[in-house]
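One chain comes next, on its own, written as structure tokens: the form predicted alone.
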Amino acid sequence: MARASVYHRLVVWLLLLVLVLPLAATLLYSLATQWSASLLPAGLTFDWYLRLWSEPRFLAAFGRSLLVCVGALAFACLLVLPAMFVIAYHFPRLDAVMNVLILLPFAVPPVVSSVGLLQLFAGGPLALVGTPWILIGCYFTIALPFLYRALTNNLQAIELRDLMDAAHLLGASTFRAALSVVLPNLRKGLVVAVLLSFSFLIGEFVFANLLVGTRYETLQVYLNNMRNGSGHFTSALVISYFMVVLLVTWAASRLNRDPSSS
């Protein structure tokens, strides 16, 4: 039993080492003044990070990524929340159909979707290619499965019908009961789903590169365009991006943790 435990711990530590080692090397390279023909860097500096966070083009790309992600998630919440409530309360049998429909965005590869969207929205009355609106639409479809699954689990956990019946007995209308009773109970699952979706969306590259490219340069497109520049600078960019995603994921994990387990 003890030997098995040691073996399992060894496997876990090896896996952790494989995952952390590339990030640690990137972090060290982003802090190096020079690192070419020696085993260790010549010196350490934060100069690459100072250059990065004072670069107007990077800040603009970061702001655009935030704007597109927040816009897509806000749009998804406004549409998904009422639809989820109606399905769960009035048409629970549609849940099986919805479980299939929400997986469709993952059934089509992003490159194939992008080619179709380019043909549809490159010209004509809805010339959206090159604008943030087409990215918001694409990101909405990507975020939809995350939001739907999280909210479905939340709705099943709160006994929706019993809550609504109790609110109706106390004189509340269906709209008021949904807004004042059901929505606060969904807050935790909604926030976690939004944060996890944000962590995924801010790293999206295929749609951003093919549909808008440099016309609306987002963070991942900026990173791709800077690949021929200084390796220290791009390493600082990768670590900064990773820290943002790590911070958001940590916040989602903290919110999703059961208080009784701490």
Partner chain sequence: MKHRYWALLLLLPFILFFAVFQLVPLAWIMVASFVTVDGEWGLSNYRDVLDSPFYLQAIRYSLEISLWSSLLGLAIAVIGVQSLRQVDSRLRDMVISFTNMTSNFAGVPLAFAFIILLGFNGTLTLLLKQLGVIEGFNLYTKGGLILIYTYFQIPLGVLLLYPAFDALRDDWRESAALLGAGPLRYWRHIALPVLTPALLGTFVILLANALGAYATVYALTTGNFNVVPVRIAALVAGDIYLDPNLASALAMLLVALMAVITVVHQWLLKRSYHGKG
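Model, not experiment: these values are computed from the prediction. Residue numbers count along the first chain shown, from 1.
The following text describes the form predicted together with its partner chain, which does not appear among the structures shown.
In the predicted bound form, its partner chain lies within 4.5 Å of some heavy atom of V238. Although the partner is absent here, R57 sits far enough away that none of its heavy atoms falls within 4.5 Å of its partner chain in the predicted bound form. When contacts are judged by a 4.5 Å heavy atom cut-off, P105 counts as touching its partner chain in the predicted bound form. For Q119, a non-hydrogen atom is located within 4.5 Å of its partner chain in the predicted bound form, even though that partner is not displayed. With the partner removed from view, the residue among I158, V181, L128, A172 that has a non-hydrogen atom within 4.5 Å of its partner chain in the predicted bound form turns out to be L128.
Proximity to its partner chain in the predicted bound form holds for all of V80, A83 and L210, with the criterion being a heavy atom within 4.5 Å.
With contact defined as any non-hydrogen atom lying within 4.5 angstroms of its partner chain in the predicted bound form, the contacting residues in 83 to 106 are A83, V86, I87, H90, F91, L94, M98, L101, L104, P105, given in sequence order.
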